[in-house]
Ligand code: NAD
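Here you get one chain, nothing else, as structure tokens; it is the form predicted alone.
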């Protein structure tokens, strides 16, 4: 593939995790964000994650320092010009992603693939905005990125066979399992997962059971490793709401209507574990 330099846009939970995984497998990574504070938080989070993984011997024989040394943190996008692969991991907002990706595609070399880690937004629409739809693809990692094996690889209407094959091969070099999906709202993972979470929130709002009871039933009765409300807190309630709104708008079906309680909690700033309070207190 001749891909060595990775440019990751967005230093949030997903962007930091993506940067860490690429660095673990020997790639040189630039993690870019417009916020210096966000980059500092990402660096601290990656350091802690690497230390945990080293204790579990999950760093492919490398030390945390060696892996961390492969990642550069920057508020400047100069490294875009030298990148061999670009992946965006910004907030789940179409207008924001379109702006970021259009700018990145204009600065990256013509032959470079530009990917989005979007979990629900149309790859075809984002690819068209970049002006290089044949070289654009969805590469949706799961959270937490260093642990989860799945990568949902989403092909837009104009994504080329070569772009798809290269992205699938790249995911395999990270010892991930790429699964190919066509471009529909929410793809597969969130089209199934988010309505389940949304229905769990409805059950809580309607007083069917407590949050703990709802999660226990799904863990003990359905063998889920984590209940839907605890999982929503981990994902971020704002992210869950964004995805439900994408599904609702795209399909126009009331079954995707975000639960009013979910919307209310986001308005209140109760976003889950990242804010210290969601359906549970952290």
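Residue numbers count along the first chain shown, from 1. Keep in mind that this is a model prediction, so the values were computed, not measured.
Here the subject shifts to the form predicted together with the named molecule, a form of this protein not shown in this document.
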Of these, 217, 58, 250, 34, which has a heavy atom no more than 4.5 Å from the named molecule in the model of the complex? 34
The named molecule: the contacting residue among 241, 235, 46, 53 in the model of the complex [heavy atom, 4.5 Å]: 235
Even though the partner isn't displayed, in the model of the complex is residue 115 close enough to the named molecule, meaning a heavy atom within 4.5 Å? no
With the cut-off set at 4.5 Å between non-hydrogen atoms, does residue 274 touch the named molecule in the model of the complex? yes
According to a 4.5 angstroms non-hydrogen atom cut-off, is residue 258 in contact with the named molecule in the model of the complex? no
4.5 Å heavy atom contact, residue 97 to the named molecule in the model of the complex: yes
Using a 4.5 Å heavy atom cut-off, indicate which stretch of 64-72, 35-43, 250-258, 219-227 touches the named molecule in the model of the complex. 35-43
Full three-residue contact with the named molecule in the model of the complex, heavy atom 4.5 Å, for 12, 91 and 119: yes
For the stretch 131-147, return the residues whose heavy atoms include at least one within 4.5 Å of the named molecule in the model of the complex, in the order they occur. 140, 141, 143
